[in-house]
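Heads up, the chain shows up twice below as structure tokens, two forms, tagged structure 1 and structure 2.
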Structure 1
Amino acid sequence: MTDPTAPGASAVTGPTAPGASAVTDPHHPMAEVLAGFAPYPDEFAARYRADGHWRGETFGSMLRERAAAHPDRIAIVDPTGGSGEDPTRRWTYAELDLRADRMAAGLRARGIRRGDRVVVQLPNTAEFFELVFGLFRVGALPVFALPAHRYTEISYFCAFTGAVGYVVPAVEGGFDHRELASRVKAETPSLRHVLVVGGDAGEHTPLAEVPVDPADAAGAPGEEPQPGDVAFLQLSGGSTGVPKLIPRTHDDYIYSLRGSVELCGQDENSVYLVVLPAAHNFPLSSPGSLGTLYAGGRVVLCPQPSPETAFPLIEREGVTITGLVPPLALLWLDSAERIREAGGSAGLESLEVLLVGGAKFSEEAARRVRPVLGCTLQQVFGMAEGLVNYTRLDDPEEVIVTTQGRPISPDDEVRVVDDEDRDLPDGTTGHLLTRGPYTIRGYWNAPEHNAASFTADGFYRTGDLVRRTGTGHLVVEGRAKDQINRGGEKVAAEEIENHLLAHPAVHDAAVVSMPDPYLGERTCAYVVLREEHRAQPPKSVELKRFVRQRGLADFKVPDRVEFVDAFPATGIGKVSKKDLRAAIAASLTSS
């Protein structure tokens, strides 16, 4: 299956990589990272620079410049973790800049270097930014895990990336991350540092003990991060059993921030509320916390996404913009409506823009945003691999509520094609392929996936089925990839099937989506039992418990398990997931 012309294949040798010489020098600090990185071909990189998209900025220099321009402006507001009367922490740009320097120096003092990988799994706290900017300054790569990830995901990320560090909260949502960290550390030879935020660090090191005076730990020569360097590894929602890692460079990601800031109308007066998990690509960059810092605005961290927590915070901090997945947007709409019907005020007057994305937002719900919340809806259809589409703030209301937007950049190349990769006319639904100044050319260290996920000329196969309107807006019509979109949380069917197959009673498993009024989709696992277990089948809850006990994020545990004697087959004898989806949907509407 490996196509020698696929971008991932050439990346292994990297003859066309800018800085390809680094790959041939095994001692170069970025050698390990570059060995798995599919670079932008030279002619594209040159064009993206000439067009002014890639401006040679790094995250480290961006924060330095903002701090120099407006040191006393507030950058980060964290309503928790303060001392004395006021639990709220407020860090100015100068303070965040200084903290990033001290963190970088402390990380270096502990032997963390440019090109090293550090798995970051933190809730929405100020320390997330102190740490991530510290890593950016060192040139070490954060690997952005989500708080919901458990043993299966975390041990994989640590081992696959050869991570030297893993950063966790002590306890979060009732889960003891220190214990998980101990287990993963014992099993992962590369993992030297477990750093803990908040609470007792136990056998690990408190993150608060890491920062030191920058004069005490200057970087060695050659360690300065470069704009073309991979800045971090983002995660793919994935459509196969193996989660994939997404290498994003300073240059390409900062371009997507600049474009997002402009299209979302952000400036230094913007106050962005981080409601979704901070490490996810959407609240990180669309325009998210990093876009807001790029614009010189203020980032407010929401510890918890419920209206009860978020609404008072919006009122108190004068939040102007935030981003939600569709199920949360529905919850907020319902709550605001109830408050108003009871004669109260939700206190959302400052809110100007609500971004909704991650999964399809129904037209019906979209129409309620302006009248109920009093702000402009901006639909966003994005992916951690790159391409992000936004409806424009001045698009007609009809376009805002019926489309998922159009690309950030005039240089985003978007193709809508049939099964044979032939271009389709506007208005016809097909596969979305894309290439551009902030879309990756390959997953990290995954030549075989890359051969399937990218065309020979470098277009990313998104796995989404879309239709393009006459105005160039995209409407998401479904997906070709084998993935369930559980209200923005992506579940790869194959990953869950593999876990089910490990159960002694399970002969075969097929995981499909079922419609759900709240999440859009939930997961249904169809299971064929082994002959000898059919007389006394295990209970559904037993299989769910089995999957959970294998240490999987909760959102991946099947919502429903259905036992069948055999799966319906397609014409050539493959499991017909289409028929399974239809069967479960029909049984839900009839019950």
Structure 2
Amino acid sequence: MTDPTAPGASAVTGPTAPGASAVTDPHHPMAEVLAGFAPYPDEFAARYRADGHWRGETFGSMLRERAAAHPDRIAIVDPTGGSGEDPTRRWTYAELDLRADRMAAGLRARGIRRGDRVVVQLPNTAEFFELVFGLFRVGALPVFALPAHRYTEISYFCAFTGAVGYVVPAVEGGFDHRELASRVKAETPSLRHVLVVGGDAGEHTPLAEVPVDPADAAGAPGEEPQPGDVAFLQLSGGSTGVPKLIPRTHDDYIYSLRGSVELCGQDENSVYLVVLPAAHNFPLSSPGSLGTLYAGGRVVLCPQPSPETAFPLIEREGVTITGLVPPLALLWLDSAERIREAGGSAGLESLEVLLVGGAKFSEEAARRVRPVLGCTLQQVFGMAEGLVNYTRLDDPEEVIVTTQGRPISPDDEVRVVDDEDRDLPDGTTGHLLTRGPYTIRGYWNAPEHNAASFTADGFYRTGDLVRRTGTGHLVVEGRAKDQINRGGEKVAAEEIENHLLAHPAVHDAAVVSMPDPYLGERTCAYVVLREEHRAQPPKSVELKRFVRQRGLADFKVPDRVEFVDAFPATGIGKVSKKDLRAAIAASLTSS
């Protein structure tokens, strides 16, 4: 819990159990937000401030300071939406800062205040940053939705948060977001504003009409947000059900940015390519766009993640660092190899660091990064709830390709425990629990989830199965729910996937459980073949034999192999194992 006597602290008091908080003043502009917020206990908040982790910064002040220090440096590069012969937009730090001020003034003029929630569902476009920093300046909370979300998720986000605003593109990927917005607005009493980026806004308001000169805005500017305030609501990374909402404060999130910037070697010369959806936690903060802006570097927006789009951008803009999820990393690796084998150049000479996270990156694929892409791999294992681990740039190559890194902070507390929450020795696989200066103490307004997801003393149950090496690096062995119980024998999906990926014909693999009347569960391996092997694919029995010959126990050999052209994906681009499990279950039922 924040200390009310500390500079910039929110006026909150109350119990420190997960999910519990209270406000001293029910008319406080953050009262409704804080009522659903689980604060950091006083003694922890005081320590994090004393240790210099929380420095009393807000996102609004961060941008203002960078704009004052280097106003003419380019902050945002958007290859779409330019004018004349150059389709590229380039905003300096001074311009982004001014746009944020104008957006904030316009939002206030429309009645959006500190503590209000605004669902933001935008693609990788410069307006995303103009809007988000405008909301930060107001103290309103962006609720970060992904472009792939549709009615089920969006209607829930708007209703559950009592959102007053919803910001969408007109049409994206062939989908008309204006129609979705009209339906959600009609069903959500709190939703007063729908703002549209690009194209005809229809019955809604173009976002371009919102900004006004702060000097012309009517009324007082409103109370400035404070470092201890909730800055935004992020989505949980769960792949089942509607995502839970994660409250992140200015203090805790900016600390994670600062730590990420240091560990990823970023400075004012860094050029970060946003390949994944801009609103997702990974490309926001690891070190992501916000980390790059914190470092004073340049953010380049990639409208599509394909190599055909990304590789020319990397070459043209001198991109030095970017982040991918494993399926995209595999796609880039294969594309770069084909270009090289054809005698061409992928144009990746400027790329120094490739971060891969969001799911475990197989060792087989990790070993290809340096020789194929010519850059350093930095594995990232983290979660929107907080804890982030990185392999270090100077780690031995063997550590980089076989582990998922160490925590950012010396105050990140990590426990690896058994099913009874008993601590396990290094080298033993168990459940990962964590707490620290940027890990939440509870989901927003979700006491039932919090009772199951947090221990009584504030450790977050991540749901990950890991083992810790003697050097403190973590190796992800899977998700607790991703472990397949095959007649009492436990099969870790990632282990089998890693062996399948060693086969020369296999581009990607995903192992899931399938129901079985005798064993309870059996294993099904979904396989995407490399393009050159699709005309003459290997037989299922060949892949099973290959896995068996690599020295695995028979019970770990996939019971079934299914060849597919591509995997279903979640909104961020990770493999949707939920959909794969549903597909194989339906296939068994119909056969």
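Rigid core: the largest C-alpha set superposing within 1.5 Å between the two forms. Keep in mind that what you see is a predicted model, and the values were worked out from it rather than measured. Residue positions are counted from 1 along structure 1's sequence.
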Name the structure that is the form predicted alone; the other one isn't.
-> 2
Which of these, D457, E203, A69, A480, is at the hinge when you compare the rigid parts of the chain between structures 1 and 2?
-> A480
Could you let me know the angle, in degrees, that the smaller of the two rigid parts turns against the larger between structures 1 and 2?
-> 150
Inter-form CA displacement between structures 1 and 2 at L529 - rigid core frame, Å = 32.7
